[in-house]
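Shown here is one chain on its own, the form predicted alone, set out as structure tokens.
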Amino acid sequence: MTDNLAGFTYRFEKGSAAGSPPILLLHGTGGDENDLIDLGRVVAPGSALLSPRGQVLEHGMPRFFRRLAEGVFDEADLKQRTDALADFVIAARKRYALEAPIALGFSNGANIAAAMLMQRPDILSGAVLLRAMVPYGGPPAASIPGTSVLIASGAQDPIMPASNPAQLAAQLRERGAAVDHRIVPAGHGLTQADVNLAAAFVKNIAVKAPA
């Protein structure tokens, strides 16, 4: 069921398994609040799913923030949109009595999740960043000690050089995150390898969570 909160159209599915971490689903360009629901169910069965739609339109396609060209982000807009998304998560946590979620983001959604880790480090308990890029030229000096992050990059991704997600991994590690950067035999699109890595990552966080 689609709803509205804090300026976002979103979809929420209640969790069915006690102790399963809630998942914040963040779609790629052209997706919407329904786009990653099935992926969330497979990656985190039993978890509550919170899936907002990006507020920006690019040629009619929803995104979470503006860009100036392919791979060139409007960083002022990114900063504003990251704060807005973080405030939405806070409001949703209050509405549904949720713990801090794990972000599961693809492409544009992964990029804003990476920005949130560094700009609003109190919002997420972890993140799965599928095909993410460095969001900020000069990222905030955040502290996210022990926060678990999975970055999955495509070995043949035509949108970004291999050095870009490696730089993102380094930036997050510098801020204290426990980063697992994997390179899968794929392009920019997702594969079963991504699904398997994400599912194992979320399951591992759930096992480590205090009872």
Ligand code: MLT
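Note that the structure is a prediction, hence the values are computed from the model and not measured. Residue indices: 1-based, along the sequence shown.
This protein has a second form, the form predicted together with this ligand, left out of what is shown; the following refers to that one.
- The closest heavy atom approach of residue 140 to this ligand in the predicted complex falls outside 4.5 Å.
- Under a 4.5 angstroms non-hydrogen atom cutoff, this ligand in the predicted complex lacks residue 82 among its neighbouring residues.
- Although the partner is absent here, residue 29 lies within 4.5 Å of this ligand in the predicted complex, judged by heavy atoms.
- This ligand in the predicted complex is not approached by residue 38, whose heavy atoms all lie more than 4.5 angstroms from it.
- Checked against this ligand in the predicted complex, the residues 162, 170, 178, 159 give one hit for a heavy atom within 4.5 Å, which is 159.
- Put simply, of 133, 92, 118, 124 only one has a heavy atom within 4.5 Å of this ligand in the predicted complex, and it is 133.
- Of the stretches 178-186, 60-68, 144-152, 38-46, only 60-68 has residues with a heavy atom within 4.5 Å of this ligand in the predicted complex.
- Of the residues in 106-131, those that come within 4.5 Å of this ligand in the predicted complex through at least one heavy atom are, in sequence order, 107, 108, 111.
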